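Next up is one chain by itself, shown in structure tokens, the form predicted on its own.
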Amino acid sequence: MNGIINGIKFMVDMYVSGIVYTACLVFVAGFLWKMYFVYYKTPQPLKIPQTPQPTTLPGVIMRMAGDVLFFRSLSKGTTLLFIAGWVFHFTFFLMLIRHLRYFVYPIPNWINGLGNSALVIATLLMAALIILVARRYLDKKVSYVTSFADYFALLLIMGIVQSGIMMHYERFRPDIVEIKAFMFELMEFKTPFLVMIMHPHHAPGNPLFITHLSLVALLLIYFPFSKLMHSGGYFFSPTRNMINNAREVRYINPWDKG
């Protein structure tokens, strides 16, 4: 009986360590590959800034900062989409910052300060996700152009948020100290090699934590191959990053260089 239990624990340890390293490797490699070979290396043969576009580089930077930080361009659409989209991205960012407490020591006070409002932030994040999913389903025009991939990304993030909210309650709460110790062990240089020779560190056995971590790993693996890459691809969009100075400066087709 003890042999069976130890075998199950070993498989859990291997699984948890394996999905973390696999997800991080796929995410980093896929993200960098997409940014360089798909976005950066794609020639831009025409000067096609989206007008009215600033005529100076500082102006372009300010406009792009407005889009990234305040969703300025999205505000020209429906008010509901603008609010839900901004709340989703802002609260998601706050939750990422909050989770840094598992990877740093000592924990800065500005990260600890988010602890008291973590449940409120997660609830707002879930509400924004529900609105975004409902909009895709109820708005006939949006529903017509919505694919399974659009629902999949939103539902996957909803699963991550919901499992995280559930772990806030005592009944499902994992051992936070154990989780943090495990994360620090994963960041050790030798740990990947130990996993490869079948000597993983002991992973937290809380089923909800493992589910939460598995969903996060799936999101990281899916990210580089999905529309979520707009987070990086935006900065390579010629309609956004080009200066509107076609009459002052001759634009050279990158294909003609060299």
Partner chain sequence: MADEKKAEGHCNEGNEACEANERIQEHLKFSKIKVKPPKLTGEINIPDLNPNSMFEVKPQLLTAKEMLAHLGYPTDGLIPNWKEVFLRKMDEMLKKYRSVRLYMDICVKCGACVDKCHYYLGTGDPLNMPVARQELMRKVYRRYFTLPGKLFGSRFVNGSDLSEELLVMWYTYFYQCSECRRCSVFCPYGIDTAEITMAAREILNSVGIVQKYLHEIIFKAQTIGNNLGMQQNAIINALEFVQDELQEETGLDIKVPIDVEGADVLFVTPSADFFASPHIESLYGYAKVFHQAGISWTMSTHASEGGNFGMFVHNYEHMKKINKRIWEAARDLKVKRVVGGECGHMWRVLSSFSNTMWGPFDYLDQNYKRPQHICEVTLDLLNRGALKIDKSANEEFIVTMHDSCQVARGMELGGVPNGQFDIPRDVIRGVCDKFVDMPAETIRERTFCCGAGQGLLGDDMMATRVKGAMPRMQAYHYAKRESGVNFVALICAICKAQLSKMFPEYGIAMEEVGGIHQLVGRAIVLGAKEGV
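The structure displayed is predicted, hence computed values, not measured ones. Numbering follows the first chain given and starts at 1.
The discussion below concerns the form predicted in complex with the partner chain, not included here.
- In the predicted complex, the partner chain sits beyond 4.5 Å of every heavy atom of residue 206.
- Remark: residue 253 counts among the residues lining the partner chain in the predicted complex, judged by a heavy atom distance of 4.5 Å or less.
- Although the partner is absent here, residue 171 sits far enough away that none of its heavy atoms falls within 4.5 Å of the partner chain in the predicted complex.
- Not displayed here, the partner chain is approached by residue 234 to within 4.5 Å at the level of heavy atoms in the predicted complex.
- Note on the partner interface in the predicted complex: the residue among 187, 145, 138, 177 having a heavy atom within 4.5 angstroms of the partner chain is 145.
- You can rule out all but one of 67 to 75, 117 to 125, 158 to 166, 102 to 110: in the predicted complex, only 67 to 75 has residues with a heavy atom within 4.5 Å of the partner chain.
- Proximity of 6, 211 and 218 to the partner chain in the predicted complex is absent: no residue of the three has a non-hydrogen atom within 4.5 angstroms.
- Shown here without the partner chain, the chain has only 150 in 150 to 165 lying with a heavy atom within 4.5 Å of that partner in the predicted complex.
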